[in-house]
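Have a look below at one chain only, the form predicted alone, in structure tokens format.
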């Protein structure tokens, strides 16, 4: 068999990362990226894209560490290369602060970012409502630049792009030998996964070029992330909320909360507001199965979705895992030569 036909469903940060990994690593595969929405219209495009994580409950910590490390190292290499401006990947230093001392003072990724340390009492004086903090340098990935950059990289590797809506795997017919499902929230209907649910996020883009350090409240609801062209401030974490329109009450709350952490934001001009639905699940699904499609015995399907608010943080790591699963599928295909 030559030219194994692979389709990757979904063109957010997870889908594009996975498509690039397969196209660049497996020349035997002819890869098509198929999605209803591409940048700038994906959920990933509005993500603040700063890299750190909260643990998932049922995935071995070593696997999560690998996902984080592979993604961090990949993005750090871009941030330190000539591609940084085009890809929108930069280094970002700042603080994560907590109103109460957390049970885990050093998260599992503390040795994988740069210069992680506990904040001093003097530093914490700036945040009188908070009792504990962490200072570190990580990477920030602005998907409005990163996704088009990845798509170009995918095309250079021979990948094809097709824009259309797919409501079920059965619609794919017999056009592909292997399916890679990175459809995020779409997996709720595409593969009938009742465990997938939206977590609504609303953010504002403001003009505040004097801000150079990120600030994140440990509860994940209030944050200030300086970027290349603007500062992202947020946010909301509204589970099961499908609303995609801007809520003025949420905007006022974001401005008030962020203004308490960083009073100079009262001088910032609001450039825009954005709402997105994080594709959440108790744990990301990165595994394979065989699915019966019309007129066929069973097609291998590799799943890579359900990253919630940590898509940018672990996308490259889970993409490499998905690549490994694709390799396993190819080894079981008669006549496929790796």
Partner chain sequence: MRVAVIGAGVIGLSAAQSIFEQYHSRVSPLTIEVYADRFTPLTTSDGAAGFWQPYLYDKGNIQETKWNKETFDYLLNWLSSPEAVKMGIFLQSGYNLCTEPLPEPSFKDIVLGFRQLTERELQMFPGYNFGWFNTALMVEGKTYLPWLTDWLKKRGVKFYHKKIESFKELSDAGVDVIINCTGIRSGELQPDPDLTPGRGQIVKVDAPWLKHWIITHNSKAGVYNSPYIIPGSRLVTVGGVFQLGNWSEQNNSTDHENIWKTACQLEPSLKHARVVEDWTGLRPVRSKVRLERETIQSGGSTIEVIHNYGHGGFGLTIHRGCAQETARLFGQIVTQKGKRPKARL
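Positions refer to the first chain, counted from 1. This one's a predicted model, so the numbers in the text were calculated from it and none came from an experiment.
Below, we refer to the form predicted in complex with the partner chain, which is not included among the displayed structures.
Taking non-hydrogen atoms only, residue 242 never approaches the partner chain to within 4.5 angstroms in the model of the complex.
Although the partner is absent here, residue 164 sits far enough away that none of its heavy atoms falls within 4.5 Å of the partner chain in the model of the complex. The partner chain in the model of the complex is not approached by residue 185, whose heavy atoms all lie more than 4.5 angstroms from it. In the model of the complex, no heavy atom of residue 104 sits within 4.5 Å of the partner chain. Of the candidates 258, 204, 169, 112, 112 is the one whose heavy atoms come within 4.5 Å of the partner chain in the model of the complex; the others do not. Comment: the partner chain is not present in this chain, but in the model of the complex one of 238, 144, 251, 84 has a heavy atom within 4.5 Å of it, namely 84.
The stretch in contact with the partner chain in the model of the complex, judged by heavy atoms within 4.5 Å, is 76-84, chosen from 154-162, 188-196, 174-182, 76-84. Along 203-219, residues 209, 210, 212, 213 each place a heavy atom within 4.5 Å of the partner chain in the model of the complex.
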